[in-house]
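The chain below stands alone and is given as structure tokens, in the form predicted alone.
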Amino acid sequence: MRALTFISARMPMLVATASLLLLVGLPLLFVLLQVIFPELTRGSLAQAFSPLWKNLADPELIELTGNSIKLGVSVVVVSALIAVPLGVVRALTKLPGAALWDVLLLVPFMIPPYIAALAWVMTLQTNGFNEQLLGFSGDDLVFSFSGIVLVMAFNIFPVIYFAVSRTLGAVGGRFAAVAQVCGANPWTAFWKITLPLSLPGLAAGLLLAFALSIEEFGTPATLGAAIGFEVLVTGIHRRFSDWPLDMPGAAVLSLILVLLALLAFWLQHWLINRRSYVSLTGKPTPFEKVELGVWRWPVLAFFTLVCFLAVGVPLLAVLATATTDTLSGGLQWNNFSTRHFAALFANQDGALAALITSISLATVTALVTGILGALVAYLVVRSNFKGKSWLDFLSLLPNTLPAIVVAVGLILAWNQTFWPVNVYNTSLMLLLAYSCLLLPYPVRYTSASLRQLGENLEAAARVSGAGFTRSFIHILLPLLAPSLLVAMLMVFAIASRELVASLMVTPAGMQTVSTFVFGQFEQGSPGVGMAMSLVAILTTTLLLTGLTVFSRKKLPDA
């Protein structure tokens, strides 16, 4: 009886730990094992470390790593040049339509990067939309390193914009105003007071942008392939898609990519913690924002230009491609057609099946990550067991893992003969990949809500004889439901359009929305692909809009 009670009390911790080890620990472990033991897939431990030394001496590794760093740094610089001025103006001045600009600058998040890249190709290529409307093409720009950087920057800069604007908004102008009273001019007060206080938010935005840049697959694969520019992510994909497969080589490149991502997050942590940025009260205070005056119209023109390039051009290109009968017919009224949407809903090339597969997998992923995320968050925030810091680390580790590394790890882990069940080459691989990558969302949202809830109700339930399961389901879960639901909707939105893991682990004969769109372009049928993209973007936009409205109405203020 005592043993049963002990097992029952420890069961949540055991379930959470086992699930995290399966989802996060196992793929990483097999990447490391493959790096050390190249013959592991053949059941042998011979020639240990040989692929590591061989790949480290390969000039291609240096080239791919250098290209990834060069691309990541370039994207961060261009994104910062766009986002920092916008964020500073948004936070410190009386910007007309400020809330509307925030909504518009959220849209790039809803456009999958590979679709944005394809949209820019349709716009700037020879005989593209730009040449039809303005008389010149942009082949030299879009198919160049600068083009890759610009396309990625237009997709990633909102990360820095929101980090800067929200951080500066919290810091406010109170300290800068004090400096001006003491004799500093406005620029000196900004550079020496406001900007240093905003460094944590700015560093977080810049390093997150770098991490997103080096793990992005769609844009380098779409634009880089045309000019022979390859990075670590595309190199990993090539080793898994070209025959003969080079699993040890892919594992070594994956390890390098993980180390780069971890280095970025360590650098962010070091920058933030080497100095103290604590204000006296620790709370943001209202402050009088600056009037734009004569700068009003140039500022609005800059916001409009950025929104047009980041949001307008990709969406218009997607809409134009999806609604024209043939690309060669151009932008003519008599070339307008809905046949691509008709083909989509007639299940041409398995379009409807791909849509249903994505929606089904995204739904199950949201449920799995929601349940596991709530359990992990409870154990991390409420329990006192010694291993909870490792549980927290494992649950948030996917934030630093590129999707392609997770996919490589899953392939290496489950392509073994000793497992009692066959997971490899089934839809369960996709579920494992999505769950691993998106688990941090429910954990973060639920942990934040739990820290806002007192423990009195749970204590009262325990006094009344309720066990863990009963008090969790009947007391905590209803209180956590709003934030947990928001996190699950976020997981659904991202999982329904995920590309790189889908390309790597989708079983033969199955398609998702992203692999369908990617395949349509490779087969020369961009119309149906863009029709699918439009449906996916609209669905995601509606979901995230509903999520925003719901969270503002239901969630407690942080």
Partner chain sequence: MKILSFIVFIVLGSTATAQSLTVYSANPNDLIQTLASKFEKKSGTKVQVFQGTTGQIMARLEAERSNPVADVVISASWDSATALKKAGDLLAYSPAGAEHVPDFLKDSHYIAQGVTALALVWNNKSKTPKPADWGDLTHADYRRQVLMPDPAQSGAAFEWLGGMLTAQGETATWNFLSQLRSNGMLVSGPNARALNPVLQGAKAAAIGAVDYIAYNQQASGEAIDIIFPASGTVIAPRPIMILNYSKQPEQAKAFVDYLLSDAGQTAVANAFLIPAREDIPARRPGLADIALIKIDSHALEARRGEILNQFRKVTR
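Residue numbers count along the first chain shown, from 1. Just so we're clear, the structure is a prediction, and the values are computed from it rather than from any experiment.
This protein has a second form, the form predicted in complex with its partner chain, left out of what is shown; the following refers to that one.
- Picking from 515-523, 26-34, 54-62, 490-498 the stretch near its partner chain in the predicted complex, with a 4.5 Å limit on heavy atoms, gives 515-523.
- At a distance threshold of 4.5 angstroms between non-hydrogen atoms, M122 is in contact with its partner chain in the predicted complex.
- Under a 4.5 angstroms non-hydrogen atom cutoff, its partner chain in the predicted complex lacks I256 among its neighbouring residues.
- Looking at T126, you'd find a heavy atom of it within 4.5 angstroms of its partner chain in the predicted complex.
- Within this chain, Q416 lines the site of its partner chain in the predicted complex, having a heavy atom no more than 4.5 Å away.
- Contact with its partner chain in the predicted complex, judged by any heavy atom within 4.5 Å, is made by just one of S328, S146, N185, T338: S328.
- Exactly one listed residue, out of Y424, F109, F393, W295, brings a non-hydrogen atom to within 4.5 Å of its partner chain in the predicted complex: Y424.
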